[in-house]
Each structure stands twice: as C-alpha cells, then as structure tokens.
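Next up: just one chain, as structure tokens, the form predicted alone.
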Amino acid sequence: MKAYTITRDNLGAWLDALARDYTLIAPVREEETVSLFKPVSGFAEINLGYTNSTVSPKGWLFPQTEEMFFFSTGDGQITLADAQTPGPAVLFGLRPCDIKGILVLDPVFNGAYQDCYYQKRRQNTILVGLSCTRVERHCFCTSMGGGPTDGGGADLLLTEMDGGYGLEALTSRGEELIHRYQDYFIPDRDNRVTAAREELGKKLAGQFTRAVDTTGVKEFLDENFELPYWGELARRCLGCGICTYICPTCHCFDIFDQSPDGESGVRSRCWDSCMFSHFTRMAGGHNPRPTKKERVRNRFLHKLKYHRDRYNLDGCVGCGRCVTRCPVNIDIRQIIADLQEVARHE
C-alpha cells in the first residue's frame, strides 16, 4: 500500500481535473441540513465538511430509478435496445460506513444472480473514501465491524492532515489513478499518512456514545421466529419506509413498463420497500406479510440474520441514518439490546 500527501490547493485542482476526465460524484450540500451525492462539475460544488449524507451514495451504483431497456413493436416483431450505461466515474468522499455498505450490496448483485446494470456501474466506478473527522451521537459503525478511518473496500482513502490530506492507494486501480495525476501528489516516504490516520482513529474511538453488542442476537433469532416483541414494536411503526430509502444496504426494487402509445416504451426499475403493505401482495390478493408485525420483523431479521445467513455479512453497517430519521424513534441499537434482554428471559 502506497501513500501520498496533497495540499488543499492541489486537492481542488485534482478534483477539477477528475471532473473533466470522469463523471465525478461527490457530496453536495442541498440545504442547510441536507447533503446528497450528485455529479459535480468541479471542486467548488463539493462539501467536504459533511458528517454523512442524508441519503446513502448507493444511488450511483443502484439508482433510485433506472432505465433498463427500450422496446418497440412493429410488423409483428418486438425490438429491444439497451439503455445507455454510464462511462468511467469516480465516487468521491465516501465515509467508511458507506464503503462498507457497497461491500454489503456486492454479493446481492454480483452473486448467484448476476445483475448486469449494477455490475457495469460498479466496474466503471472508482471509489475514493474520506476518513471521518468526528463521530455523531447516532454512529455505531465500530459495533458492526467498521470504523471511522477504515477504508477497506475503497480504491483510495483520503484522510485530513495538517496542511492538507493524506491519500492511501488501497488497490491497483487506486494506484493507477494516482499515477495518472501524479503531479498533484507527493510520495509519503516517512509513513506520516498511516500514522495520522491511526492517530485519528484512536481519537475518534473515544467519541462513540453508545456501544452495541450483537453477541448472540443472530443465534437467538435463528431459533425464535415468532416473538411477541415484533408485535409490540410494530404498533409504533408508521410504515412510511424512510428507513429503507436512506439505508446504504437496502436493495428491494420494483420493475415497471411505460408505453404511452402502446407500441414503444421503456422498462425501468425503482427502489421499493419491504415496509409497504403492497410489497409482498400477490396478484390473487394473498399477502404473506399481511400486517406491520411481519414487515417490521422481516426488516430487522434481514439486517441481523438473513444477510449473514446468505453472505456472511451483517446487513447493517452502523451509519445510524435510520436512527435519526425515523419519525417514531425506532432505534436498531435499542432493538438489539431488547432482543438480548428477551433472550435472557426465554
């Protein structure tokens, strides 16, 4: 792993160059309290001071609405045409929890059932992480196997230092990007970058206000599907689905066709939510998750059990977005603690 330093002025110039040569997606401040990842034309639009984005950056790799292909009919034949695939891109400024979120999505779309749409975007996108500089009250990434300076999964990791930033190339693709713009960087021959990142990590480790112990939770859920607890929790849930839309690891989607003239149109997919009553409702009217109890249970079993069953990865990365945005204060950290308490009394 090679490391480099870059001045603040050169960072701006480098990002301007990236925006000219790639599609550059970076955090942008939309309103005073809203940050989103969007394509930018240069450094001036980027918000480097954000803690975490309101909606996860997974939307670049798995868009909220995505055209899949176009179709037309004529002379008794059906013609299909692929939708345009984005070219080379750099997804810049990912916080470590969102990098891990992408790693959680990878086996879903690149596993037994290959998703060409996700794959093309993923293969064409370089990931540049940004170490956290502070910990918010809702953060619990360290409890889910991550950390505020853990760049694992990114191609490059940027860490703020005195006078600028340190940059670590974590993959060959990251090293190639550095080499292409080598005039902006200074090789770190004194190991200052790694030392600064490790020191920052130690400092931030003391800022977490709540540790979450998941010990035994999955094993308890393996043996206990029907629990009165889920009914109690469901009485608070509004079924609004905001937790699924801002989550970096949720990946449910629906597919629909649009054909205004009945002869040509487009097939698209869009995010859906397992918290909606119609999500599992079948054409004949049967719904295997007929009440909020079943839907709430499914969501949290997916985070704490199902994803680990399938991919040996937790379905939660500890970003805390759902904690801050739930209008009735349903908190996955408290749910984990509650399940442990229920297990002790079983």
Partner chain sequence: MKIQENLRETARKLLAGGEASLVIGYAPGSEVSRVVPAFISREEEVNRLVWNPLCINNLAKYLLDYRYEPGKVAVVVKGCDSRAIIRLLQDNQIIREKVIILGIPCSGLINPDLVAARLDPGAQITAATVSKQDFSLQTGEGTFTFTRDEALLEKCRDCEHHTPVIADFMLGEEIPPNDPGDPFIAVKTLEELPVEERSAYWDKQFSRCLRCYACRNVCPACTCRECVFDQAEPCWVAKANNLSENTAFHLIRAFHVAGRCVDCGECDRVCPVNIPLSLLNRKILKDIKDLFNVPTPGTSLEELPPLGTFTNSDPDEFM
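Values in this document were obtained by computation on a predicted structure and should not be read as measured data. Residue numbers count along the first chain shown, from 1.
Another form, the form predicted together with its partner chain, is not on view; read the next lines as being about it.
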Have a look at Gln64, Thr291, Thr280, Thr51 for me and say which one sits with a heavy atom within 4.5 Å of its partner chain in the model of the complex.
Gln64
Which residue among Asp115, Asp272, Asp106, Asp188 has a heavy atom within 4.5 angstroms of its partner chain in the model of the complex?
Asp272
Select, from the options 283-291, 299-307, 39-47, 52-60, the stretch whose residues sit within 4.5 angstroms of its partner chain in the model of the complex by heavy atom distance.
52-60
Using 4.5 Å between non-hydrogen atoms, is Leu238 touching its partner chain in the model of the complex?
yes
Does its partner chain come within 4.5 Å of any heavy atom of Val323 in the model of the complex?
yes
Going by a heavy atom distance of 4.5 Å, is Gln258 a contact of its partner chain in the model of the complex?
yes
So in the model of the complex, does Thr73 come within 4.5 Å of its partner chain, heavy atom to heavy atom?
no
Restricting to 317-344, the residues within 4.5 Å of its partner chain in the model of the complex through any heavy atom are Val323, Thr324, Arg325, Cys326, Pro327, Val328, Asn329, Asp331, Arg333, Gln334
